[in-house]
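Take a look at this single chain in C-alpha cells; it is the form predicted alone.
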C-alpha cells in the first residue's frame, strides 16, 4: 500500500505539515509505504486549458499533459492507493498552490460522458486534512465539505478532518494581531496541539484501514 502525502502549506513543520506527518505515521502503522511532497517546493500553474486530456485517442486522454513540476506528482497521486492533502485555509479556501493542484487533478477526470462517469480508471481514496486559526463555530463558513464532495465525485471516496483554532504565529507580540488573544492562543496550543496530532495520526490509520478493506 502506497500513500502519498501533499503538504499544501508554504510553512514546513508548522500546523498543516505537522498534521500531515502524523497522518502518514498513522498509515505506516498499518504497513503503508509513504512519501511526502511539499507543493511549495515545486514550480507549476493551474490548468492551462490545453485540452490534451480531452483529445479522443490522445496519449494523455483523461490525464494532465502539461510538462511542469506537477505532472509527475499527479501521475504519482493517481497511482497511489491513498492520497492525503494537508492545507491551511486562507481567505475561506485553500492556498493557490493547492487550488492549482485541484484543478489539474479534477479536470482530466471530466470527460463529459452522458452517463456522468469519470475518466480515471480506478477510484483514488483521499483524505483532506485542513487547518484553520478560526474557532469551531466559524468553520461552517468555509468550503471544506465542498472540497470533500468534489473529490468524492471526481476522484474517489474522500474523508475530511478539520483542525481548528491553531496558532498562526510563534510570537503574536511581533505581528499585527490585535484581534487575537495571544495568551489564549498559546494556552490552546499547549493544551490541544498534541491531542490534534493524535487525531491526525488516527485519521491516517483510518484512511489506511479503508484501503486495506478494498483489497
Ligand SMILES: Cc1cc2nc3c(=O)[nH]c(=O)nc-3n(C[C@H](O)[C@H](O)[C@H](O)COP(=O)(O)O)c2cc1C
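Since the model is a prediction, treat every value here as computed from it, not as a measurement. Positions refer to the first chain, counted from 1.
Omitted from view is the form predicted together with this ligand, to which the following refers.
- In the predicted complex, this ligand stays beyond 4.5 Å of every heavy atom belonging to residue 117.
- Remark: residue 166 counts among the residues lining this ligand in the predicted complex, judged by a heavy atom distance of 4.5 Å or less.
- Though the partner is left out of this view, residue 91 does reach within 4.5 Å of this ligand in the predicted complex, counting heavy atoms only.
- Not displayed here, this ligand is kept clear of residue 192 by more than 4.5 Å at the level of heavy atoms in the predicted complex.
- Checked against this ligand in the predicted complex, the candidates 132, 128, 82, 105 yield a single residue with a heavy atom inside 4.5 Å, and that residue is 132.
- Checking 29-37, 45-53, 60-68, 166-174 against this ligand in the predicted complex, the stretch whose residues place heavy atoms within 4.5 Å of it is 166-174.
- Contact residues in stretch 188-214 (any heavy atom within 4.5 Å of this ligand, taken in the predicted complex) are absent; none meets the cut-off.
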